[in-house]
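In structure tokens, the next block holds one chain alone, the form predicted on its own.
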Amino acid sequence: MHEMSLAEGVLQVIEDYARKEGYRRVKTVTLEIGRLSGAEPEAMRFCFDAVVRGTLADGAALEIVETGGSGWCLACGKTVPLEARYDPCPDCGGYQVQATGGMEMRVKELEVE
């Protein structure tokens, strides 16, 4: 389950900002997760809760915003929406689609005290 290491990375980002900005507690963490990122939102929730125990983010609400995937179809020459990384182009049915969006995961917002 790679979500555990992703959750640890999120905690590291939170702790780095806490040192830099001087806040003591995190109330809400908003994560933006792309549909093509390979991160499962429910697994992220579980792992996040486990990783933040005993830290400044213990008890913080985790809000996840899922973003859609997109790709560039080499056959059509168009940017098209993608539900999964290796889906065919929804316009022409071709499989020469290079993913261009929805692969990211980032801490979008923190509510802190």
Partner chain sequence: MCTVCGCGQGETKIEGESHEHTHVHEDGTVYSHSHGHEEEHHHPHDHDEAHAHPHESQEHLHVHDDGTVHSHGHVHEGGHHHGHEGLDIHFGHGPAHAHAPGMSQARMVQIEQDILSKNDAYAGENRRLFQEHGIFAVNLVSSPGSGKTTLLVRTISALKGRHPVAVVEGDQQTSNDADRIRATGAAAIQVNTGKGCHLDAHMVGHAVERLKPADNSLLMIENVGNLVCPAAFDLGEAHKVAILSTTEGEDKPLKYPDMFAAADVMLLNKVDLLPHLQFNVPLCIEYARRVNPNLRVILISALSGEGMDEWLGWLEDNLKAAAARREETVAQLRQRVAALEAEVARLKG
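Numbering follows the first chain given and starts at 1. From a predicted model like this one, the values you see are computed outputs, not experimental measurements.
One more form of this protein should be noted, the form predicted in complex with its partner chain, which is absent from this view; the next part is about it.
*Asks:* Looking at Leu56, Cys76, Ile64, Val80, which is the one with a non-hydrogen atom within 4.5 Å of its partner chain in the predicted bound form?
*Replies:* That would be Leu56.
*Asks:* Please tell me whether any heavy atom belonging to Gly38 falls inside 4.5 Å of a heavy atom of its partner chain, as the geometry stands in the predicted bound form.
*Replies:* Gly38: yes, in contact with its partner chain in the predicted bound form.
*Asks:* Does its partner chain come within 4.5 Å of any heavy atom of Thr100 in the predicted bound form?
*Replies:* No, no contact at 4.5 Å.
*Asks:* With a 4.5 Å heavy atom cut-off, would you call Asp91 a contact of its partner chain in the predicted bound form?
*Replies:* Asp91 lies outside the contact set for its partner chain.
*Asks:* Although its partner chain is absent from this view, report whether Arg85 comes within 4.5 Å of it in the predicted bound form, heavy atoms only.
*Replies:* Contact with its partner chain, yes.
*Asks:* Need the contact residues for 2-27: heavy atom within 4.5 Å of its partner chain in the predicted bound form, sequence order, or none if there are none.
*Replies:* The stretch touches the partner through His2, Met4, Ser5, Leu6, Glu8, Gly9, Val10, Gln12, Val13, Glu15, Asp16, Tyr17, Arg19, Lys20, Glu21, Gly22, Tyr23, Arg24, Arg25, Lys27.
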